[in-house]
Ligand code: V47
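Next comes just one chain, in structure tokens: the form predicted on its own.
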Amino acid sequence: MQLVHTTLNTDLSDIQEKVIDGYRLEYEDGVKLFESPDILAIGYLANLIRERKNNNKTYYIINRHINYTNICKNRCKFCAFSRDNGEDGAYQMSIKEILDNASQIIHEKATELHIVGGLHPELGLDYYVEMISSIHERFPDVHLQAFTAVEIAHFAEISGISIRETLKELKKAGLGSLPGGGAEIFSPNIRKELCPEKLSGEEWLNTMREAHSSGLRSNATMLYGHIEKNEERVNHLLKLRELQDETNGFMSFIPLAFHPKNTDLKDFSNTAGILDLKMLAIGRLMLDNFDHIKAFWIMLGIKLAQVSLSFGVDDIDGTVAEEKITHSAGAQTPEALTVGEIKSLIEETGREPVERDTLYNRIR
């Protein structure tokens, strides 16, 4: 689906010239894109980059989510998932329960387990190493994408060792890559207001730097649609781009739409479709050194995920069985899709569905 290059009748014509000629967009360009009401022009430009990098392909993966605990010492205002230890609804899965849950991958033919949870104040590194090693021993061909940068830093702190040593132990146990969660918005003012106990944006970036230098690739995220401003969104993207210039360790960028239900920000509205599409498209335009932009259909919704495939997106994640975190905040999407459903929604857009593994190797 190659769009013909045309001159846009818009105030974004200067940005169009940069995009077509392959020049990097800068801070002022990012702010201008967010301020522009011309969503079709922004989508057009993002699609040029999308097709330049990935042609007509749209990637998906057969994966399963495991959220091993919702007990968390950080009670971020935007989170509906976390509980205090002993609070009603709090849970922690045993290694056996995790293995039983993971065994469903056999029936689903999944190639990835995506494992994240809260920052449990009492569990040491041994629990997480045993978790990974037990799953890896049982399912050696399944890629384990586990533990956000926030979790990794917590494991290191509670165990009294360095982040590098923590990553080394987990990698030795079978950890394959890191998801991108916990980035939220890097702005110190935003973090002070919404998640003051969480590690800083710079600490998140440094943890990812350590992961990449240890041979572990990762994704990157941004939580948007709460109290952040356009300028803070652009600064967030530029910090990701800067680290990618340094390490080339990020695989995809995943903007995460804020869901307010059951959070301390429950009076906020859900994000509007225009903002969702802008985040994906501007992410594609600003992150020129990222190969992939992912629309997490669990948060975005199936219909808008389809539309996003013309707004810079080339990946819609996967089957995502039993996702709990977003649904705790009121997501109305299904908890899973079948492979047939994913392929159909991609083909309806005129794109070519491509099954991938976690590291974007094509699965035939």
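Residue numbers run from 1 along the displayed sequence. Keep in mind it's a predicted model, so treat the numbers as computed, not measured.
As for the form predicted together with the ligand, it is not shown, yet the points below apply to it.
With a 4.5 Å cutoff on heavy atoms, Ile316 does not count as touching the ligand in the model of the complex; it lies far away. The ligand in the model of the complex is not approached by Phe155, whose heavy atoms all lie more than 4.5 angstroms from it.
In the model of the complex, at least one heavy atom of Met299 sits within 4.5 Å of a heavy atom of the ligand.
Contact annotation: Gly283 falls outside 4.5 Å of the ligand in the model of the complex, judged by heavy atom distances.
Contact check for Ala146, Gly176 and Ser214: none of the three has a heavy atom within 4.5 Å of the ligand in the model of the complex. Here is the short version: of Leu237, Ile135, Ala257, Met279, the single residue with a heavy atom within 4.5 Å of the ligand in the model of the complex is Ala257. Site annotation in the model of the complex: the residue of Gln244, Ser187, Thr221, Thr111 reaching within 4.5 Å of the ligand with a heavy atom is Thr221. Only one listed stretch (103 to 111, 135 to 143, 165 to 173, 76 to 84) carries heavy atoms within 4.5 Å of the ligand in the model of the complex, and that stretch is 76 to 84. Applying a 4.5 Å heavy atom cutoff to the ligand in the model of the complex picks out Pro179, Gly180, Gly181, Gly182, Glu184 from 169 to 186, in order along the sequence.
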